[in-house]
Ligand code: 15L
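Shown next as structure tokens: one chain only, the form predicted alone.
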Amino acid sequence: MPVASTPLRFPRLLLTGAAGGLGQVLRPRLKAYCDTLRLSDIADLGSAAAGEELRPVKLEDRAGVLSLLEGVNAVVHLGGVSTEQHFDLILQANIVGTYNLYEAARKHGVRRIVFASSNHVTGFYRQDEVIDANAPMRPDGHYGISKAYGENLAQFYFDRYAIETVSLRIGSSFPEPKDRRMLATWMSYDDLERLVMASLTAPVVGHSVIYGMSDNTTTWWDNTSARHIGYRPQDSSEKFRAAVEARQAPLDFNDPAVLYQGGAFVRTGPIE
């Protein structure tokens, strides 16, 4: 069931990447927590519903992003390239674009950002390891590197300018896990909502890093250090285990995607 409404409401929230997979999931859910939901993406956002504002902006457009954050109380930043791509594409959307977002937040006095980082920041840890947010970053590609940059940028903007961020190292948020790897990384849409709202409403977060996952039986990530956020997942991938294991072919332990937490991202070759 969807999460119950909270009495805490924001006058205006900004959701970037609103036309993406998780953006489409969060769009109707976030509206319950704010008077006005400002939506941004370079893809088609459709028509504005009641209480919505549509503001398509390229993240690499510094002036456009500055205007985008005017009058905003908090940001859920999902925007950018979400797959492994040529570095030039990653650079503009995920690195230049994230810098533009934080600079705009500083100039407009926005005090809280929820940053969609990724488990690919630590994708080169093995699947037989359990790590927490204090483990050194080991990104598994250009995409993971860009999210590592975003986390470091968030730390800098908190240390220098007191802008608070919760960096969400999102695992695999889909209706159900697609393979055995996702039995560890899966996060339900309801738990995604719980995590985002906990990140927006926790009284004090500084710069906190938390892995985005449900209460799965198999896990590689320890979120103990982020319990102050108040996120308590209520779903689990376990109910899907039998079906997932029945349909997946035997694992090839010579395949790095089987050994490392980043899955297929760790064996993506050069992208020209």
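Bear in mind that the values here come from a model prediction, so they are computed numbers and not experimental data. Note that residue numbering begins at 1 and tracks the sequence as displayed.
Same protein, other form: the form predicted in complex with the named molecule, not shown, and the subject of what follows.
Residue heavy atoms within 4.5 Å of the named molecule in the predicted complex occur in exactly one stretch of 115 to 123, 96 to 104, 151 to 159, 128 to 136, and that stretch is 115 to 123. Using a 4.5 angstroms heavy atom cutoff to the named molecule in the predicted complex, none of 23, 31 and 189 count as contacting. Though the named molecule is absent from this view, in the predicted complex it lies within 4.5 Å of a heavy atom of just one residue from 182, 145, 197, 110, which is 182. At a distance threshold of 4.5 angstroms between non-hydrogen atoms, residue 79 is out of contact with the named molecule in the predicted complex. Proximity of residue 177 to the named molecule in the predicted complex: non-hydrogen atoms within 4.5 Å are absent; the residue sits far from the partner. No residues of 217 to 244 lie near the named molecule in the predicted complex, the criterion being any heavy atom within 4.5 Å.
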